[in-house]
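The chain below stands alone, shown as structure tokens; this is the form predicted alone.
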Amino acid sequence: MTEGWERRLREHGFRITPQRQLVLEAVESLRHGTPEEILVEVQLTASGVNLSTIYRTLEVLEEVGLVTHAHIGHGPPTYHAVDEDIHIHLVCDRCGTVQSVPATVATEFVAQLEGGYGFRTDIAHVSVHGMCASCKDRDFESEADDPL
């Protein structure tokens, strides 16, 4: 679990609660999870927790810097722990898998955006949509089988 999470909550004037601990554990367990996915994980231990509690808790955890979110798709945000290395999300639009790659792969691109356009990128919120290697390979195989 994220080191110093209790201290960080207290420093910001928040109490340590079982719900906050369960939500943080769920985020870390899932690695990337929507509020609904986090709810399912939390309810394995505490069935009385509801979705509004998850949203409120995620807001608190994000405010104190323990979790962050990215908008990976058109639905709700996806949360992950801040103690992970900063990364970019590669989202397969076909199968829905999300792969994390180090943010350093975009170093040159981010530098060009800032140098050429004066735009400072928040790389922790970046997601790139496309097709994963597995789905891309399946497309290639089906094209090769096509007699046309």
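Predicted model only: the values in this text are computed from it and were never measured. One rule holds for the numbers: they count along the sequence shown, beginning at 1. Rigid core here is just the name for the largest C-alpha set that superposes within 1.5 Å across the two forms.
Form predicted in complex with a further copy of the same chain: not shown, discussed below.
Note that among 64-72, 35-43, 22-30, 48-56, the stretch whose heavy atoms approach a further copy of the same chain to within 4.5 Å in the predicted complex is 64-72. Shown here without its partner, the chain carries A81, H87 and G96, none of which come within 4.5 Å of a further copy of the same chain in the predicted complex through any heavy atom. Taking non-hydrogen atoms only, A111 never approaches a further copy of the same chain to within 4.5 angstroms in the predicted complex. Using a 4.5 Å cutoff between non-hydrogen atoms, T17 does not count as a contact of a further copy of the same chain in the predicted complex. At a distance threshold of 4.5 angstroms between non-hydrogen atoms, V60 is out of contact with a further copy of the same chain in the predicted complex. In the predicted complex, none of the heavy atoms of H12 sits within 4.5 Å of a heavy atom of a further copy of the same chain. Contacts to a further copy of the same chain in the predicted complex (heavy atom within 4.5 Å) from stretch 117-137: Y117, G118, F119, R120, T121, D122, H125, V126, S127, V128, H129, G130, M131, C132, A133, K136. The rigid-core alignment places the CA of L44 less than 2 Å apart between this form and the one not shown. Once the cores line up, the CA of S100 ends up 2 angstroms or more apart between this form and the one not shown. Once the rigid core is overlaid between this form and the one not shown, R10 does not reach a Cα shift of 2 Å, moving by less than that.
By 3 Å or more, the C-alpha separation between F119 and V64 shrinks in the predicted complex relative to the form shown here.
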